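Only one chain is included here, represented as structure tokens and corresponding to the form predicted on its own.
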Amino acid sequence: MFSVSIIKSEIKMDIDDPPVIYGLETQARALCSVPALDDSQQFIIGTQGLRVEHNQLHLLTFDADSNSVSKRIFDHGRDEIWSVSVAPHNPNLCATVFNRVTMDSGTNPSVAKRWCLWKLPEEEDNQTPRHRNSSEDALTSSSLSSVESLQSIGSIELEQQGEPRCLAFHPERAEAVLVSDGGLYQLGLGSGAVRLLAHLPAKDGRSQLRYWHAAWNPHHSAQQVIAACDSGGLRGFDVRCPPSDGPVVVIDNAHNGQARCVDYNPNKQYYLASSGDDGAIRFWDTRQPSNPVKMLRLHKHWACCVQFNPYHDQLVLSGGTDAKVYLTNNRSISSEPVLSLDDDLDDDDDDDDRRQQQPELDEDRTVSVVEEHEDSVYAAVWCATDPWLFASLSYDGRLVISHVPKSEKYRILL
């Protein structure tokens, strides 16, 4: 059984909006933002209970006016969910990667990692209103919220697939890339069926690589995809080229240990960020991949995830197994111009004050640290429809919805 509650931090409302905490009574590590068509602020969580009859997907809608969330819950059977993603072109289409436990001819359980596409059912107008959580509620989700069923769209058997890791939807087309031990599989999702378009093997000469995560390059119609490798490197491919051509981007030893996450800068061509088991966040220019353009050493253990803000690329999120989430401003390598001391300065009495403030405005810095987590943070994501809202999920099933501090927001906008 799951219990769900909302806890609000006691912070003065005239300073910053307090974070909202959504709790589960089971483990979870899968989280993504939902690109809702009506601009609502939504996130989806996949649970990973090891000894439960029903793992679930929780679709959460954040209400900025009341600083609270409402939920819909979908049954995922006994499958332990490792990854969840939602299609930008269709918010009702999602994909999960999960462990499926089956019994063999005897009594011994067998575990196999699988992936599947699902359709989230439309919310009917006459449906019982979703329960709105408040700080005083601690409720049993199965008794007070109807658990809905997912409609399986299916998956396909892929040659040399190995264990799937995640599925990255194309930002514009009805396509996706499945990341697995066997490489990258470009899939077509049109006409209600899944079909294989191309297979990019996970090989480096004679060596066999294992891919862990992938991201599409949003520039130039998103024709390139880059993957993080267990060897610590990064490999980028152009899907217009034959797989035999090999990678077009090669960054060896991007991290000491496994590279766990990679993300492209949405506003600046050729720039991307990666995170890995060495705890570092590194920023790269793919035209000069021999050395990173910048490195952050914030996390004390694995850096599990990194993501650019979809609108203001100087803002970057990262989460790690040190139970910390860092929000940093990296203006020096962003698409935002760095102002010189002589820009827009008039010959008046305020010049000296403005000159003193200018270096502080341009300096790269840590904006805030989310410290409400008590366990490893495996996912931290920006809201797809609100550039000032983000969420993070720790393995103990705690989701924290946070805001960019108002001082930073005004500093960027004004």
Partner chain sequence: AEPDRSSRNSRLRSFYQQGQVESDAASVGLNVDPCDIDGAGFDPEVYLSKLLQEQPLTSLMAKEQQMVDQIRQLDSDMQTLVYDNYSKFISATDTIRKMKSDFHRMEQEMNNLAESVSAMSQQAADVRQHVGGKRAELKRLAGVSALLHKLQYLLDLPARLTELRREGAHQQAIRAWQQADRVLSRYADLPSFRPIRADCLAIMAELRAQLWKRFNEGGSGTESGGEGGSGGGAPDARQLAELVDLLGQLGESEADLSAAFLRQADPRMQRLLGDLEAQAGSLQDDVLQFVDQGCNHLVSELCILIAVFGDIFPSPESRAKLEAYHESVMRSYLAIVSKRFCLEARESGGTGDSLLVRACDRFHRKLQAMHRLVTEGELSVRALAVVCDAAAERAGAVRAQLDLRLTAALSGLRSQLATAGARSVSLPQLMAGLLTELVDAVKAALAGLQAFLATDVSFSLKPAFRERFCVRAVRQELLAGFLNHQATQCARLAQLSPTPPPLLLLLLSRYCLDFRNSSLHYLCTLADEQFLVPESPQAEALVTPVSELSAVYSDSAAELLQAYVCASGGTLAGMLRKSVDARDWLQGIEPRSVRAVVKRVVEDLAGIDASVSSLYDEAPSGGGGRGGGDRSSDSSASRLARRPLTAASRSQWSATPSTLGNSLLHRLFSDKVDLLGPAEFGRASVVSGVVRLALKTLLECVRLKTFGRYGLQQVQVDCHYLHAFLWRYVSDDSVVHFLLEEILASAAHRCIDPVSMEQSVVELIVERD
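Numbering follows the first chain given and starts at 1. As the structure is a prediction and not an experimental result, all values here were calculated from the model.
Below: the form predicted in complex with the partner chain, not depicted.
*May I ask you to state whether residue 109 is within 4.5 Å of the partner chain in the predicted complex, using heavy atom distances?*
Judged by the heavy-atom cut-off of 4.5 Å, residue 109 is in contact with the partner chain in the predicted complex.
*Contact label in the predicted complex: residue 210 to the partner chain, heavy atom within 4.5 Å*: Yes, residue 210 lies within 4.5 Å of the partner chain in the predicted complex.
*asked:* Given that the partner chain is not shown alongside this chain, does residue 38 nevertheless sit within 4.5 Å of it in the predicted complex, heavy atom to heavy atom?
replied: No - in the predicted complex, heavy atoms of residue 38 and the partner chain never come within 4.5 Å of each other.
*Can you check whether residue 374 is within 4.5 Å of the partner chain in the predicted complex, heavy atom basis?*
Result yes; residue 374 sits at the interface with the partner chain in the predicted complex.
_Please identify, from 172-180, 67-75, 307-315, 276-284, the stretch that has a heavy atom within 4.5 Å of the partner chain in the predicted complex._
In short, 276-284.
_Residue among 94, 215, 167, 254 with a heavy atom within 4.5 Å of the partner chain in the predicted complex_ = In short, 254.
*So which of 85, 155, 334, 99 reaches within 4.5 angstroms of the partner chain in the predicted complex, heavy atom to heavy atom?*
Flagged contact: 99.
*Using a 4.5 Å cut-off on heavy atoms, which residues of 384-404 contact the partner chain in the predicted complex?*
Going through 384-404 in order - heavy atoms within 4.5 Å of the partner chain in the predicted complex - the hits are 395, 396.
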